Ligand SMILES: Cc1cc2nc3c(=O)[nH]c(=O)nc-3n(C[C@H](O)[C@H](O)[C@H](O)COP(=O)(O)OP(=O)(O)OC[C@H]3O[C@@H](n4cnc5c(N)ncnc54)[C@H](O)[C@@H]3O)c2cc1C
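So this first bit is one chain, no partners, the form predicted on its own, shown in C-alpha cells.
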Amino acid sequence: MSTLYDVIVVGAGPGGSSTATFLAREDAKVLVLDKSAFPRDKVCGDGLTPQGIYWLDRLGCANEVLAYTKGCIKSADIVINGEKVLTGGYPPDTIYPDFAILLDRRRLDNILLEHAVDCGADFRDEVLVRDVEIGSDHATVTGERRGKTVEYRGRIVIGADGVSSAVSRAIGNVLKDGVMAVSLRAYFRDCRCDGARMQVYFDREYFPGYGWLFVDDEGFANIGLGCLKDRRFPLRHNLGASFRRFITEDLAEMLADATQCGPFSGGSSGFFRPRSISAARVMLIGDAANQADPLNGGGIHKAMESAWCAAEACRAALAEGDFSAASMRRYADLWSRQWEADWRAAELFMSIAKNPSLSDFGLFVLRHMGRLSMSDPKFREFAGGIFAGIVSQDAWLAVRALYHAFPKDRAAWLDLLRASGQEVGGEIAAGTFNLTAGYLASAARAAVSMAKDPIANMDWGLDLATKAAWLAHNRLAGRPLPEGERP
C-alpha cells in the first residue's frame, strides 16, 4: 500500500514550497508534487517585495536568496503616458524591510523547494495531477508521471497549482470565469541603467494594466506587459503588438544597446473570488485561490501569506483528526481575518479601473496624484505603501487615515497648480483652469463612452455597488487585526 501522507501539496511554487516548509519542520509528513522538473522557469516580474523578503525570513532561507540577488531596490518610478510622475520608496516603521530585490523565478522557486526538502518534505517532479478524490479516511491524488498513472494518498490536499488548478476544479470551482490578467514577458541583457531599478508604466493603450521594467545592477532586465479582461470588458487590442510597441517606443533609449534573451513568454492570473477556497480535506492557496494582489498584481508574497494560513489550519486539523469541510474552513476564516479586507479594497479599485470608458479619467487622476505626492513626502509614503501593499489597502476608504495622509501643506498644492500651468505656458491661475478643464473633459468623455454600452455598464455598476457594500459593512464591523499584529 502507498504511503499515507499528512499533507499532499500540489504545486512547488512559492506558496506550495512555503506550506511544505512550515509543516515539515514541525514533523508533519508532507509530499510536494509538481508537473515540472526543477529548476524550471515561470513567467513573472521576478520582483520580491518587502513582504516577500519578510516571509523568506520567516521560512529561514532569506540569506540564501539574498546571496543570489544582484540589486537592492529602495524606490520605484511610476511613468504615465511617457511622463515620470512619481519616484516612491517603501514606507519605514513597518514589520517589513524597506527594500525589494530581483531574482528570477527559476532560481527562487528552486531555492524554496530545496529548503522544503531539507526541512523534511518529500518531492515528486513531473507529476501532472488530474483529479482529487475525497474518501472517508483520506484523499487520493491521481495523476500521470512519465507516461504512467500514479496515485498518492494524504489526509489533506493543498492546491498550490496555479490559475489552471486541477485541485480547484476537483472541488467544484469554474476556472478563469472572472477578471483575468494576461501578460507577456521578455529578458534583455546590457540594458542602459545606472544601478538596479523598478519602473512601472501606465498608458491609455493598455490601462488598467501596466508595463514594467525591472533591471539589476548588471543591466539584466525583466520587461513585461500585463492587461485585464473579463466577460464585460474583453481586451481592446493585440497584447503582442502592444508589448512590442512598449519595448520599441517607451523603452527605446534604455534598450538601445540591449540584446533580447529568448522569446516572449506568456502567463495569466485570476483576480476574482472562486466559489470556495476550501472543502473537506482540501484547501487552495495563492494563484489557485486567485489571491494575488488586484492592485499591483503581486502574487509571490500573497502565496506565502496564504501558505502560512493553510499550515496553521493543517496543524489544528491533524491534531484533532478532523478533516471535515468545517475544519478546513479554519483556513478560509484565518485568511479572511488577516487579509480579505485589503484584497477586497484592491479588488474594488481594480473593478473601477477595468472599465475602458474610465481610462482617460483614471490616468488623469493618477497623474496628478503622482505630481502631488512628489511635493508631499508623507502623502508619497502613503500612496507608495498602498500600491506596494505594505500599507493596508483599505486605508483609502478610511476617513481618518485619508485625513492624516492627504497633503495639507499649501505649498504642495501650489506646486501642483504651477506644474499644470506650465503645460499651457502659464503659472498658478493657468494651472487651476487647466486642471479643472482637464477633469471636466475626461469625465465627459467617460460619460459619453459609457452611454454607448449601457447594458454592460449597468452590469458593471451593480457589481461595483456589491463590492462597495461588502467593504462598507466590513469597515462598520471593524477590522479584526491591525497591521502591526499580523504574523
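Please read these numbers as outputs of a predicted model, since none were measured by experiment. When you see a residue number, it is the position in the sequence shown, counting from 1.
Only in words, not in the display: the form predicted together with the named molecule, which the text now covers.
When contacts are judged by a 4.5 Å heavy atom cut-off, Val129 counts as touching the named molecule in the model of the complex. Using a 4.5 Å cutoff between non-hydrogen atoms, Arg40 counts as a contact of the named molecule in the model of the complex. The shortest heavy atom separation between Leu33 and the named molecule in the model of the complex is within 4.5 Å. The closest heavy atom approach of Gly267 to the named molecule in the model of the complex falls within 4.5 Å. When the named molecule is considered in the model of the complex, only one residue from Pro274, Gly297, Gly385, Gly154 comes within 4.5 Å through any heavy atom, namely Gly297. Proximity to the named molecule in the model of the complex, defined as a heavy atom within 4.5 Å, singles out one entry of Ser351, Gln338, Gln199, Ser183, which is Ser183. Only one segment in the set 354-362, 328-336, 162-170, 86-94 has residues whose heavy atoms sit within 4.5 Å of the named molecule in the model of the complex; it is 162-170. Site residues Cys44, Phe214 and Gly286 are all in contact with the named molecule in the model of the complex, judged by any heavy atom within 4.5 Å.
Counting a residue when any of its non-hydrogen atoms is within 4.5 Å of the named molecule in the model of the complex, the hits in 8-32 run Val10, Gly11, Ala12, Gly13, Pro14, Gly15, Gly16.
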